[in-house]
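Shown below, as structure tokens, is a lone chain in the form predicted on its own; questions about how it binds or moves come after it.
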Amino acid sequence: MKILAINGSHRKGRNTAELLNIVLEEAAALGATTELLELSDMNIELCAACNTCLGQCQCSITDDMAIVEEKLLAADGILLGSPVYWVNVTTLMKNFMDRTRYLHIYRNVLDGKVGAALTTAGLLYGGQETTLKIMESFLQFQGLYVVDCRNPNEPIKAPILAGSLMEGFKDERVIWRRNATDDQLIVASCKQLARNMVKLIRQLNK
């Protein structure tokens, strides 16, 4: 069982990566092989809109997307992470999504895998729900079974995995966290997301 996390942040190893790593560490503790892929390390060109992929599962561009494809195909679970940029995913994440067109438009190559997504922003209400929905919709259209971070055996604590550096507001001043992992609810939600992913992967692989 392998879970691949893809970080769409332009800041390698920062808040989004830390949240992704919490998920991966919990999944590893449950027996999964894990990997974090930083899109900022990859050379992925823009889609050329050549439509080569209309008739075959192939892209005309030669770049690091071939490496990403190999990792996607080898994974049982795919976890996407992106900070919020203007109430949306980052340019890196959107470009990755665009370039996976050849894995979807002719045949859903990733069909049947397990998917999940997480996001974080500076503000409490900075567009996290929209950003998360974009990533989850992408995974669904690619044919993945998308899981959330809810513990099915407990009352709901967090319906979505959306972090924030803003802790609150008091006396007309914003209270900031040092980093996204200072939010205990988000950390707990990351661990529960890992459990949910591993559980479903095992069920599907029986």
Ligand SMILES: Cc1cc2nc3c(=O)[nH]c(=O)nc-3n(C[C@H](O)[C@H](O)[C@H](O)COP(=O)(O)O)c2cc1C
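These numbers were taken from a predicted model, which means no experiment stands behind them. Residue numbers here begin at 1 and follow the sequence given.
The form predicted in complex with this ligand exists for this protein as well; it is not shown, and the discussion that follows is about that form.
Heavy atoms of G115 never reach within 4.5 Å of this ligand in the predicted complex, leaving it off the interface. Although the partner is absent here, G77 sits far enough away that none of its heavy atoms falls within 4.5 Å of this ligand in the predicted complex. This ligand is not drawn, but in the predicted complex it has a heavy atom within 4.5 Å of V87.
Not displayed here, this ligand is approached by T120 to within 4.5 Å at the level of heavy atoms in the predicted complex. Only one listed stretch (107-115, 67-75, 120-128, 94-102) carries heavy atoms within 4.5 Å of this ligand in the predicted complex, and that stretch is 120-128.
Although this ligand is not shown here, in the predicted complex the stretch 1-28 places heavy atoms of S9, R11, R14, N15, T16 within 4.5 Å of it, in sequence order.
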